[in-house]
Structure formats: structure tokens, C-alpha cells
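Quick setup: one chain, the form predicted alone, written in C-alpha cells, and binding and motion questions come after.
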Amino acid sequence: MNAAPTPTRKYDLSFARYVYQNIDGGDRMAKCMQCGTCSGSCPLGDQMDYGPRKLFMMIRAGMKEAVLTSNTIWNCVSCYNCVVRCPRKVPVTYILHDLATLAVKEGYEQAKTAINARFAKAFWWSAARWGRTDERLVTAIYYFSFGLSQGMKMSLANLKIAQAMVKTKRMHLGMPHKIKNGGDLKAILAKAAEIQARDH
């Protein structure tokens, strides 16, 4: 008779200690008083499986797998509303970003590698073309890289997110914003491409 597989530990208090000691801003998580200001201030809070407030409680409980597989750490749009409004000055955005990095390092996001490559391509195109990222163009290129039908479905499914980003001024309307001295950027990118080609 085959032995049953070893169950994944649901609670690992060493994870909480690791976050406090190694995650950027983790040492300030002890200051969190669970007021909910961060979750209430987040324009994408209703799209997260756990708001930042609940995610912090899960970290304290040592729920490593649940934390590192949640979509919360990936849905942060870096608006910094939570950081500005936190009465205890907990750097929520930094914590979420570093948790996402940890999730990749720990292998929780291996299945997303191909999808991330699509997004990276769209992101780089916008940065190289305009000198900055334009959320609308990046999102459109990413969505429609899956095909016209899927692109339309993804666009409609995330319409409320786009509206929330416009409302919080994280996504503007009108022409893309360009950086000044775009020629300098092109020269830098050309030189970088030259160095990369030489080294490879």
C-alpha cells in the first residue's frame, strides 16, 4: 500500500519571522493595528482575494502558501494610497512588491512565466516608444496578444478596474505622455543593444 503524500503545512510561523526580518518594510508590520485603511484605500481592493489588512494577518499566522499564491501581491498598481494614508506608516506597497519577488524566488509563480513574458514585452514596448509606460497601451497589447476574442473578453472583464484607475488618476485619458529629450533615450537603448549583441 502506497504511503499518503505528506500534506503541505498550512501554518509556518517561521514564515512570519522571515517576513519581519527580510521583506522590505516587514519590520514595520508589527505596527499594523488592523484599521483597514489600506484595503479601503486600494482602487483594486475588490479584485484581490485578500485585502492587505487580511494578508498581514495571514502572514502573522504563518500561512505562507496562501500568502504567496494569492493574487493580492500581483494586483497592486503602486498608487501608494495605502502608504500615504496608513496611520502607522506601514509601507504596504513595498511589502506587497517584495512578497511578489519572494513568490517567484520560491517557485510559486513558475506557471506564470509565459504570461509574464507577454506582459514584459508589452511593458518594454511602451517604455521604449514613449519613455514611460502607458497603462492603456500596455494592457491592450498584453490582452490582445492572446487573440482578438480573448482580448475582448479580458478587456470587458477588467473594465471596472480601468474605471477605478482613471478615478484615482492612475490612468489618464488622451494621448500617451512622452518624456522630454526622447532622442537621448533612443541613443541609450541603441548603445545597450550594441553592448548586449557584443557580449552575446
Partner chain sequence: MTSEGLRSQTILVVGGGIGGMTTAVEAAEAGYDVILLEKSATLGGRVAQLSRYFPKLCHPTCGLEINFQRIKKNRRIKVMTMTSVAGVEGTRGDYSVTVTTTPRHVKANCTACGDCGRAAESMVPSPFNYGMDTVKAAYLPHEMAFPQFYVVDPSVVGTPEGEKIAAACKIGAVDLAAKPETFQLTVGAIVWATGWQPYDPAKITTYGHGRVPNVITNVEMERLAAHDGPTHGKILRPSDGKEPKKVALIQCAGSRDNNHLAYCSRICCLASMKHAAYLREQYADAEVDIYYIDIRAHDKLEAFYRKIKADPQVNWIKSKPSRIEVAEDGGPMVCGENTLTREIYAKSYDLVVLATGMQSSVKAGAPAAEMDDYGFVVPHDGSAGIGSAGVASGPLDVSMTVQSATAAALRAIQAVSGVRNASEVS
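Model, not experiment: these values are computed from the prediction. Residue numbers count along the first chain shown, from 1.
Keep in mind the form predicted in complex with the partner chain is missing from the figure; the text below concerns it.
Every residue of the trio T37, Y50 and R88 has some heavy atom no more than 4.5 Å from the partner chain in the predicted complex. With the partner omitted here, the residue from K54, K160, H172, K153 that has a non-hydrogen atom within 4.5 angstroms of the partner chain in the predicted complex is K54. The listed set S70, T139, T133, S41 contains one residue whose heavy atoms approach the partner chain in the predicted complex to within 4.5 Å, identified as S41. In the predicted complex, the partner chain sits within 4.5 Å of a heavy atom belonging to M33. At a distance threshold of 4.5 angstroms between non-hydrogen atoms, V104 is out of contact with the partner chain in the predicted complex.
Taking the partner from the other structure, the partner chain in the predicted complex has no heavy atom within 4.5 Å of any heavy atom of A117. Heavy atoms of A127 never reach within 4.5 Å of the partner chain in the predicted complex, leaving it off the interface.
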